[in-house]
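Starting off, we have a lone chain in the form predicted on its own, written out as structure tokens.
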């Protein structure tokens, strides 16, 4: 009995020495700067920076593979704090927010009977959804579910982005199977809420608020180059975005050209009447 106890004690001592040696030999040094940078990050783990999470992004920043301003959730103060801590320069990055390029809510679109799955990506694969436009918002809210910040509201079968809540993580962009969502400068206020490349008559047959490429907004813009012509679709030029005054000057016959704040509040109801 005593011999067994001694043997076990000796074996334990030997294993302890071996484990200690192995732990020391294969120890990975942890840069304390990584932990400090991670503490300064918002901890959203949204993936908007292109990394797996805040911890992975912190490693990238410390290793100089990434810069603090790549975090879409970080405030300018946090970016400066991280840069000061690491002794690097902080670049001010223009805030980008999501834009759903569609205004086809339930009152303004032609709909068919749909009893399928209530998920945008699955609906595209199965039956295409209930709306007549093949390029518009399906209205099942996959983008809203993907947004970790509650910046997208589903209203009358249409995704509405509240730009004051959007941090530009781009999760909604990846979630939309229609490629409807575009990241635009937060300072831009006037947008064309349509993404259909079809001819005007075809678009109007399924949606009352579609862009029919009448070019009134282009003419009202004059030589300012605020609008771009893309076949049978007009788009805002976000390198030289139009001001809100263009909406009144252009008098868009379908109200596809809208000011974002008015769009979010549902001020444009004329087309559905």
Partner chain sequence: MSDKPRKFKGGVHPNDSKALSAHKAIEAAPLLESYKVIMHQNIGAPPELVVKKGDAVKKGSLLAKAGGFVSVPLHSPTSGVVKAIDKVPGPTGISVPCIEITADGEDEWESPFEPIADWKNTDPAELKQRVWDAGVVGMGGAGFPAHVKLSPPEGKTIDTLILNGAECEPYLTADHRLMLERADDVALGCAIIARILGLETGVIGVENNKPDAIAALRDAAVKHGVTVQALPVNYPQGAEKQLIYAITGREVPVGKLPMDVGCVVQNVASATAIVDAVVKGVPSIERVTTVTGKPLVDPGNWLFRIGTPISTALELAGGITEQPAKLLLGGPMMGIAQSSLNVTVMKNTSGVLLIAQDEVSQYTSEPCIRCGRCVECCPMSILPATISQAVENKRFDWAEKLNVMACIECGSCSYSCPSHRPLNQHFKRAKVEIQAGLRKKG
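Numbering follows the first chain given and starts at 1. Here the structure is a predicted model, which is why all the values come from computation and not from measurement.
A second form of this protein, the form predicted in complex with its partner chain, is not displayed here; the remarks below concern that form.
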item: 45, 69 and 85 each touching its partner chain in the predicted bound form (heavy atom, 4.5 Å); value: no
item: Answer option from 201, 126, 165, 106, heavy atom within 4.5 Å of its partner chain in the predicted bound form; value: 126
item: Answer option from 170, 153, 78, 145, heavy atom within 4.5 Å of its partner chain in the predicted bound form; value: 145
item: Residue 112 within 4.5 Å of its partner chain in the predicted bound form, heavy atoms; value: yes
item: Residue contact check: residue 187 to its partner chain in the predicted bound form, 4.5 Å heavy atom; value: no
item: Contact test in the predicted bound form: residue 193 vs its partner chain, heavy atoms, 4.5 Å; value: no
item: In the predicted bound form, residue 94 touching its partner chain (heavy atom, 4.5 Å); value: no
item: Partner-facing stretch of 128-136, 98-106, 69-77, 157-165, counted where any non-hydrogen atom is within 4.5 angstroms of its partner chain in the predicted bound form; value: 128-136
